[in-house]
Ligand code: HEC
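Okay, so here's just one chain, in structure tokens, the form predicted on its own.
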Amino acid sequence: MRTVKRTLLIAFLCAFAALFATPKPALQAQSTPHRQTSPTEAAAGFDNQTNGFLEQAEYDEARKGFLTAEDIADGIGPVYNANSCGECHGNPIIGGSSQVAVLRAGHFDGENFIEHPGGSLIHSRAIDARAQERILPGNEVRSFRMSLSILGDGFIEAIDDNTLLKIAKDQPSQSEGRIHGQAILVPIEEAPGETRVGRFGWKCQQASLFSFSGDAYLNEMGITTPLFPTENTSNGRPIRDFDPVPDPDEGDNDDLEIFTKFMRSTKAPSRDMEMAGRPEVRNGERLFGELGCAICHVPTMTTLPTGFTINGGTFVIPEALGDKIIHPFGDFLLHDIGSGDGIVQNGGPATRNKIRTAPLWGLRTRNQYMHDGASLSLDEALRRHRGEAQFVTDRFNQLDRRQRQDLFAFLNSL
């Protein structure tokens, strides 16, 4: 009888403790609600027109904010890379990609990545010559990262975590176990304690466009806000002697709201429909699938239903972004394809040589490829794929000249 009572007491205490235990974050999202309407194609085009999230006049005003150049009186710097969002995102329209690259560095001791003093981001500009950053000795891990397009990112934000997790789960069976994308949970800065699957940035370091805006405002322009109130250093040195504006530089997050609204209202990059119907392009698209490219460069996704709440309850998906079919040709997961930059950010040591799959929509507007822009032709970019994608490269190398031309014709239609 004493043993029975003791067993019951232990069971009671375990159940009681479970009621108050804090669950650990897991790569599992809430179930997606039933769709009330059939999905429709997302608005697409390079025409500086709203996707419907904002009225056109509001979109134009938000676009002006995205283009606004900041100066020292506004709090730019002391170390920074650009004086406006539009400086890095402008091809072929505002919000697109550009030739601008940022520099990151650090040290690998054989087991762990160690950030460069002051952080892995090495700023290219400073408001005072004494604050200029440079790579210090002993930091042999170095990489450029190209500026990505933010066009259509409102639709990407509206992708269900479960969609990305399912893609990751299915990839090994599609690729004989060689391809397996990694999803990571990252903080939603505007909803403390909340996380979501990362999808923005080369390391999937952000999941919310509001968080993404605040991160870029701080790290690329050096402007602090209540969301990101701590100024960057200069190679680890304090910058108080070079910083004339008290932190936070912005007393509110209004600028972040403007940037976020602009991104959420951009159309997705459109395809060149004149090219899309050509026989060589259709054949190239078939080859794209047969080679295995589409395993990571996923052609089609559908956003969450209208009215679904994301980002820790801070954003309700509107009709302009909900129930939309998009064609990003990406999986928004981290992969090791042998071209990684050796940098660790949010994802831990396992992500050191992993890079987010580059979405291929709008590819025809670029002339530098891969995360570092070091590949100057599609042929070079494809042949750089190693690691998880080695079998795809092997198949590509077996194509004849005409097949490769058809594949490139397809890619140049995106």
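Note that residue numbering follows the sequence shown and begins at 1. Because the structure is a prediction, the values reported are computed rather than measured.
Heads up, the form predicted in complex with the ligand isn't pictured, but that's what we're talking about next.
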property	result
is_contact(Ser84, the ligand) in the predicted bound form, heavy atom dist at most 4.5 Å	yes
Contact of Tyr369 with the ligand in the predicted bound form (heavy atom, 4.5 Å)	yes
Touches the ligand in the predicted bound form: Leu304 (any heavy atom, 4.5 Å)	no
Phe53: touches the ligand in the predicted bound form, heavy atom cutoff 4.5 angstroms	no
Ala268, Leu164, Ala158, Met263 - the one with a heavy atom within 4.5 Å of the ligand in the predicted bound form	Met263
Proximity to the ligand in the predicted bound form, single hit among Asn232, Asn253, Asn311, Ser149 (heavy atom within 4.5 Å)	Ser149
Check all three, Glu189, Thr224 and Phe228, heavy atom within 4.5 Å of the ligand in the predicted bound form	no
Per-stretch contact check against the ligand in the predicted bound form, the hit in 284-292, 314-322, 132-140, 105-113 (non-hydrogen atom, 4.5 angstroms)	284-292
Residues in 44-66 close to the ligand in the predicted bound form, defined by a heavy atom within 4.5 Å, in order	Phe66
